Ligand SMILES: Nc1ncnc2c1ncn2[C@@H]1O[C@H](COP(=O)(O)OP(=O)(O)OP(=O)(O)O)[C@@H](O)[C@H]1O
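The chain that follows stands alone, in the form predicted alone, written as structure tokens.
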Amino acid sequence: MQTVFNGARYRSLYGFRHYLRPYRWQMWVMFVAAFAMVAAATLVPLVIKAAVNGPIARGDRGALVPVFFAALGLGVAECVLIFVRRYIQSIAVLQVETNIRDDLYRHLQRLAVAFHDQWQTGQLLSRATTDLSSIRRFLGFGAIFLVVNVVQYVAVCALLIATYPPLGLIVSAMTVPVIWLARRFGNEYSLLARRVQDQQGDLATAAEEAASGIRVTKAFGRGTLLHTQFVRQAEVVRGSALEMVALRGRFWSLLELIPNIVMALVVLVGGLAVAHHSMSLGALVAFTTLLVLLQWPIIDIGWILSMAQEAATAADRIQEVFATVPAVVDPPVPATLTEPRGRLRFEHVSFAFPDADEPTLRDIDLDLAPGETLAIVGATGSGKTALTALPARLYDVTAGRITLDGVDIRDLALADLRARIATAFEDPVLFSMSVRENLVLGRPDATDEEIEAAIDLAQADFVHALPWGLDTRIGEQGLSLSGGQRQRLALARAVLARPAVLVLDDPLSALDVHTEAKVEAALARVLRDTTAIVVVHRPSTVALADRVALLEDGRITAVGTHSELMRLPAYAEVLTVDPDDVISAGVPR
């Protein structure tokens, strides 16, 4: 039966073997307990044989008492061994699953943003949950009993041949059709298992998107439509799962049929042998009892093989993630910034998204002096957001370089770089944790006074009115807050990090005019000592900048003050200025 499990499809599963090494002694205990359990079960037919040929044949009732206690002792021993195996197995295998999941999560954190742009969230979730459970089930049960059942099969066949060779050879011959069936089943089942697991990932994505987008769904009244689409996907998964069930049913039925046919032959041939006195009655009883023991390993191979196929395809799916090499990594020998000042330079920088036909940014040259604020102005799709993602190495440039205080940012350790550059995104992301935990995400050692100062700067005093103040959990993605409230918390989080460089991707777009003016006034004080890049969509925000850069089709076409650039038709068209807004914001006209 071992040949059934050879082949390239199990290489990924074999690649997880190093997770078992720290638990070698537990594995040995499990194997010993399993083998001892099989030995105890195998000895019972031999005890029965001795009882039938001895005390029962002679009518010696007193001699049956030791036989009874021998059989009882073997049964109790088998129960104890099952408990020991299952208890140790649960501890070891659950820890292995935890370790794999921890490594998977850590690897996902190391992978670049480009990877997460391309992968569906549901596919990653299904790998971290359903697929890992499949691997745990096989490592905890299938792998052990694959070995144990093979040993039991060989041992019982040897006992059967020793008990009565003609019948023993007949029983051993059923190995051939079992292996043939198993190989055919394995080839078909592996394809079905992969299809079902991929479809389950798509279904998880649909469920995740339905949950995260529930407000949009309700606002447009499209719940029925999305439900219909979800049901359609669920039916696809159900159909594939039923194909797996049908295949397993056919395979397991044939596996049960083979030993039943053999049992009928044994009763026929064995009965004739007993009638002709070439086999004792006790030997026939022991033979049929041993054959019953042999049925379980044969039938069990269907269960183990289906479990192995699911675990192998699950391992393939997880290894696809592990095999992805992080595109943004620490340098072999990180450089250090002896006197960080915050001078940021873009030197002939170009950038293209993975698999994109054309670069998003082309030959960007910018030089920001320490403490200088540069506003980026451009039409939708000009590359503003892509530009703001480069200083913190959320993406790496495809040409040119970016330097921080004269050091290429690719030569700095990522943790060091991102401790010096903080980013507030236009679409703020908050986590399902307390307000305080969200705020100190970039600086866990911040004091209460510093937190309050950041809250005050971002005009986020609303947090004190929440039920538990800063300790209030704000819910998944912060959807319990308004867009403006989320944006102000994200701004406070970025400012609290005290970065040398602050990157703001239109962080005030969701604020009303009055709140925006208060935030801008407070932010202006912070920006005096911080190098900043600010993506601007509102004319009033330009007042925060020392200079303005016009970005058109991925190129910087002009750099200057707001009044200088207002002479350019392209700039005036992008940044249409309302006179009252200009006056209230203090922007020079």
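What you see is a predicted model; the values in this text were computed from it and never measured. One-based numbering along the sequence shown.
Although not depicted, the form predicted in complex with this ligand is the subject of the following passage.
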Stretch in contact, per heavy atom within 4.5 angstroms of this ligand in the model of the complex, of 74-82, 378-386, 134-142, 278-286 = 378-386
Looking at 468, 180, 462, 353, which is the one with a non-hydrogen atom within 4.5 Å of this ligand in the model of the complex?
-> 353
Could you spot which one of 208, 235, 117, 408 gets a heavy atom to within 4.5 Å of this ligand in the model of the complex?
-> 117
Any chance 360, 395 and 537 all have a heavy atom within 4.5 Å of this ligand in the model of the complex?
-> yes
Find out whether any non-hydrogen atom of residue 437 is located within 4.5 angstroms of this ligand in the model of the complex, and reply yes or no.
-> no
Could you confirm whether residue 426 comes within 4.5 Å of this ligand in the model of the complex, counting heavy atoms only?
-> yes
